[in-house]
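Next comes just one chain, in structure tokens: the form predicted alone.
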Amino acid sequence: MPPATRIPAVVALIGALLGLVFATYSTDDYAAHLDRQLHDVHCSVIPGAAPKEEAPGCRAALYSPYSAVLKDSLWGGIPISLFAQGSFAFFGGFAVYLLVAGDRASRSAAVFYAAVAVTPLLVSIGMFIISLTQLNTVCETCVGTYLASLLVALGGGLGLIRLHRRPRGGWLLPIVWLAALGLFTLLPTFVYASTAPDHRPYLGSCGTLKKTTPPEGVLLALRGSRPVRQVLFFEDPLCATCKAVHLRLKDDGVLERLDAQMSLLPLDNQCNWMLDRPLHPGACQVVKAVLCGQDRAKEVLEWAYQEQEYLLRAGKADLDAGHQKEAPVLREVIRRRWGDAIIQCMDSQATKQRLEKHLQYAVDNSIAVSTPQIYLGNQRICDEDTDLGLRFTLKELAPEVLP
């Protein structure tokens, strides 16, 4: 058999092996976080690249509602990368069969492989659209999986070119192969679900508020349209994790069921005297803008989350220029969006005093200088339960807030 006839199987095999590598990286990252700690994550289109601590795109994908299924039943749910692992393993094995068999492989085998090999690509297209439209970022490891899916589909399609040279085959075997694909795809999820640890004993074990009654009229009121449970947030509008939690709660319809208050905790030493350096340069200015939003405070907050990367760059530009206190770049961004009146309000003594009361409220409750922090009533949700295990935690501690 001429070597050229092996090319489709080789292309498919390379794609399946790459897909298996990237899916394994994603699953490994997900499983590592089951110990309720923060770990580095794989975030590269290059196989073998070292994990990274700073990987906003990959962390956004990891913590998103789309990274797993059955999140109500298991802490963190079952990562969808497990399905990819199983399916890529099947596609790799079948590609080896086609490579070895060559033209002796039946037409039904080639047609079956071409038909099912396109499914990872369809899923990848769907996830890519979700990344762009819902997460507003792209995970590099996911891009590796997308490219691998393209190669598998391409290999399957190329296998149809010399279809006339293959012997005819029956259609009983394709049914068996389809069952095998289902088994390969689902078996890892059953193993994962059966070995996942029980996180219920840890829920609600992270303390309570010391001072449950906030100063009258100081904190932000974010009351939903159908509130059934009180909650308190400590957040920084320039905190990426705060943004992720806010978007998850909004997408899941939870925010509308919360009678929420927010204590703003900017991680910026320009106004936060608990810090000696700015973790989020410009956060003090953005927090003041939110406070000055008055009845539109929620709108300003969500604008800050939506434009977070842009605002961070503006704050960093002011810091690098030595103008962090005046913040001309960042303030101009805020002024263009919300007008001169909000700038005047940000500079007022009343706003400075109100922000000071937010910080003092955090001190009175011995709040760690980190965000986000969430309290259901006066019970604190553990930090690790605000990302992968958020939906499971809400189902256990406050099922009434879930639609």
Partner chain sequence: MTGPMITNGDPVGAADEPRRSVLLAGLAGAGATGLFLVVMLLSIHSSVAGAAERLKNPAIKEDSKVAIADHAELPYCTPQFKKVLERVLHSCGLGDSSGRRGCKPTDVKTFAEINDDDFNALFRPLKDRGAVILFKTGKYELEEGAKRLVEDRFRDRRGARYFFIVARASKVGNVDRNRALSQQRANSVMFHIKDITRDDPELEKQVGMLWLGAEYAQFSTEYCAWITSSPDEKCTEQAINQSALVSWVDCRL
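Residue numbers count along the first chain shown, from 1. Predicted, not measured: the structure shown is a model, and the values here were computed from it. Heads up, when I say rigid core I mean the largest set of C-alphas that superpose within 1.5 Å between the two forms.
This protein has a second form, the form predicted together with its partner chain, left out of what is shown; the following refers to that one.
Asker: Using a 4.5 Å heavy atom cut-off, indicate which stretch of 92-100, 134-142, 278-286, 311-319 touches its partner chain in the model of the complex.
Answerer: Looking at the other structure, the answer is 92-100.
Asker: A49, L376, C345, A31: which sits within 4.5 Å of its partner chain in the model of the complex by any heavy atom?
Answerer: Only one listed residue qualifies here, and that residue is A31.
Asker: Taking 4.5 Å between heavy atoms as the contact cutoff, choose which of R226, R296, R104, K250 touches its partner chain in the model of the complex.
Answerer: It is R104 that has a heavy atom within 4.5 Å of the partner.
Asker: Run the contact test on F184, Y202 and Q360 with a 4.5 Å heavy atom cut-off to its partner chain in the model of the complex and return yes or no.
Answerer: Yes, each of F184, Y202 and Q360 comes within 4.5 Å of its partner chain in the model of the complex.
Asker: Might Q85 be said to contact its partner chain in the model of the complex, defining contact as any heavy atom within 4.5 Å?
Answerer: So Q85 counts as contacting its partner chain.
Asker: Quick check on V191: any heavy atom within 4.5 Å of its partner chain in the model of the complex?
Answerer: Close contact exists here: in the model of the complex, V191 approaches its partner chain to within 4.5 Å, heavy atoms only.
Asker: Using heavy atoms and a 4.5 Å limit, would one call M274 a contact residue for its partner chain in the model of the complex?
Answerer: Looking in the model of the complex, residue contacts with its partner chain include M274, since a heavy atom lies within 4.5 Å.
Asker: Is there a heavy atom of T208 no more than 4.5 Å from a heavy atom of its partner chain in the model of the complex?
Answerer: Judged by the heavy-atom cut-off of 4.5 Å, T208 is well away from its partner chain in the model of the complex.
Asker: So, superposing on the core, is the move of A350 at the CA at least 2 angstroms between the shown form and the other one?
Answerer: It does shift by 2 Å or more.
Asker: Quick check: K288 between the shown form and the other one - does its CA shift reach 2 Å or more after fitting the rigid core?
Answerer: Shift at K288: 2 Å or more after core fit.
Asker: Would you say whether Y361 is displaced between the shown form and the other one, judging by a C-alpha shift of 2 Å or more on the superposed rigid core?
Answerer: Yes, shifts by 2 Å or more.
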